[in-house]
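Given next, in structure tokens, is a single chain: the form predicted alone.
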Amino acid sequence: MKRTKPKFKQIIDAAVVVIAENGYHQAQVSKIAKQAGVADGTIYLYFKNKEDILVSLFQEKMGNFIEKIEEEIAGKQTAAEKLLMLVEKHFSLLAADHDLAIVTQLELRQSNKELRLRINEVLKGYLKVVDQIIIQGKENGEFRADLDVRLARQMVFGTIDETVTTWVMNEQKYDLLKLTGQVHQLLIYGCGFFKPNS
């Protein structure tokens, strides 16, 4: 129920800004409350602690992210088209929210092991979408029949993720979206699991 209340979203959005600007460890709950325009105590009506804010932030943003990607790829026929849409949507959503890009690519990685496990749990929904694209590609002959789905998924996610991280580390000075085509080509052709029509 709490997730549907406006203040929940307000606090989540404020946390993204504060964590991006200060780093997770320096992002005090009082700063998040101030950014959200709520009293410090209000935060604890929605979240147990700062760690809970970070996990909830990731659940909320990644949940929306997965929904948008699923909507976009639903209209595509081939696995190659779906993979292109996945890369494009991933890049465009993070390019549109620089603070969120900093939080997902840098701050979430610095958290403790328990927190990372909770974040990995959320990530499973995204990886499932990647798996479905790879399996479809294998079944319709676009990708090699002997392709290892788990290895291909790691390659797809790792390439997309590292491309965004490098962009963030370079202070987002170039157009991330312009890399979409190259990344897609690399995944489809360069890594050898595309079966050309011969």
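Residues carry their position along the shown sequence, with the first being 1. On a predicted model such as this, the values are computed, not experimentally measured, just so you know.
As for the form predicted in complex with the DNA, it is not shown, yet the points below apply to it.
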{"item": "Per-stretch contact check against the DNA in the model of the complex, the hit in 130-138, 148-156, 61-69, 46-54 (non-hydrogen atom, 4.5 angstroms)", "value": "46-54"}
{"item": "Contact label in the model of the complex: V168 to the DNA, heavy atom within 4.5 Å", "value": "no"}
{"item": "Partner proximity in the model of the complex: D161 to the DNA, non-hydrogen atom cutoff 4.5 Å", "value": "no"}
{"item": "4.5 Å heavy atom contact, Q172 to the DNA in the model of the complex", "value": "no"}
